[in-house]
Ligand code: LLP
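Take a look at this single chain in structure tokens; it is the form predicted alone.
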């Protein structure tokens, strides 16, 4: 994003052009920023450990145009559900290019996961007998809960530690791999999720060491090796302008150093090192364009826009912060106002006492920053408010990559019994 003479541009396209062409609310993604984010991180990790690969956690942004950018850059896909395996297949990816890390799986989930031939990453030891019954995989991984987790975007998304629902308890890891080996599994991987949106490089060293000690003991005791060790995601971005960037170079250096030391300590054959971020790649490359539709002066001044909680759920769900710009007014004095959407819920009053340009007026275009991850993917239909369009920009070019929903989409799968039609 850039501001030139007061006007906001996404790459080289004015937001006024995008709003006029596609309407609002609309998600817009900067292709070149996605590529730059991926290349920066990949170069950092491969500098310190050659056999390194990223998988993209497609749950964060499942638009196939966005995912294809990362596929072109060399990413595999981290799938949290069978349908995300199918999305990966639409990208032309399968087999060991896809990691299936579902949790609390049904028998149908297990069967379809096995049939797909992707890497099966089990969330709990209790799933193993059901997997073996339905079809023994040659290659199996377990998701380890290392007993500690961290999040900079709220406790709800810590994803590891005693309060998380994910992963094998450290005390059960040895038994998990023993049972898998006894069942005839020949190849093994290990996985964890360290947390969410972390910008402290030292934390990644700490949590990598924790995981390596857990699985290193299992490997030595059971005489097994790992084809890969996946450190999960968690690479963070700053949401507030005063927040610091993650020093990705330092994080990569610290992780690689402790990783290689632990490989030597436990006598492991050097495995592939993997991670599966999403937010780091696409979070700061995505924006929402909205429009001011009403201004209310009541107990406070409230700016009403078409960016509602069904368009961007994170602030209502987590209290998350997203910076907001007003096109053409960023040089104006600021005043504290609230900002809300059009949904009939008070949680849709998702910005309170925020300093925005004092001259904000009807029909102004607002730009919501850092909306590329867990934005559109978490949007939903409520109050008859439909899901927005998605657009990709590259230089001066722009493309519609998902159409705006219509009322027909709201009723497409609804059937009214005949006795209710008269």
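Residue numbers count along the first chain shown, from 1. In this text the structure is predicted, and so the values were computed from the model without any measurement.
The discussion below concerns the form predicted together with the ligand, not included here.
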Just to confirm the contact call: exactly one of 111-119, 218-226, 232-240, 89-97 touches the ligand in the predicted complex at a 4.5 Å heavy atom cutoff, so which is it?
232-240
Quick one: does residue 29 come within 4.5 Å of the ligand in the predicted complex, counting heavy atoms only?
no
Any non-hydrogen atom of residue 66 within 4.5 angstroms of the ligand in the predicted complex
no
Counting only non-hydrogen atoms and a 4.5 angstroms cut-off, does residue 318 reach the ligand in the predicted complex?
yes
Does the ligand get within 4.5 angstroms of any non-hydrogen atom of residue 278 in the predicted complex?
yes
Let me know the one among 127, 153, 77, 140 whose heavy atoms come within 4.5 Å of the ligand in the predicted complex, would you?
153
145, 196, 310, 305: which sits within 4.5 Å of the ligand in the predicted complex by any heavy atom?
196
With the ligand taken in the predicted complex, which residues across 53-85 come within 4.5 angstroms through any non-hydrogen atom?
57, 59, 78
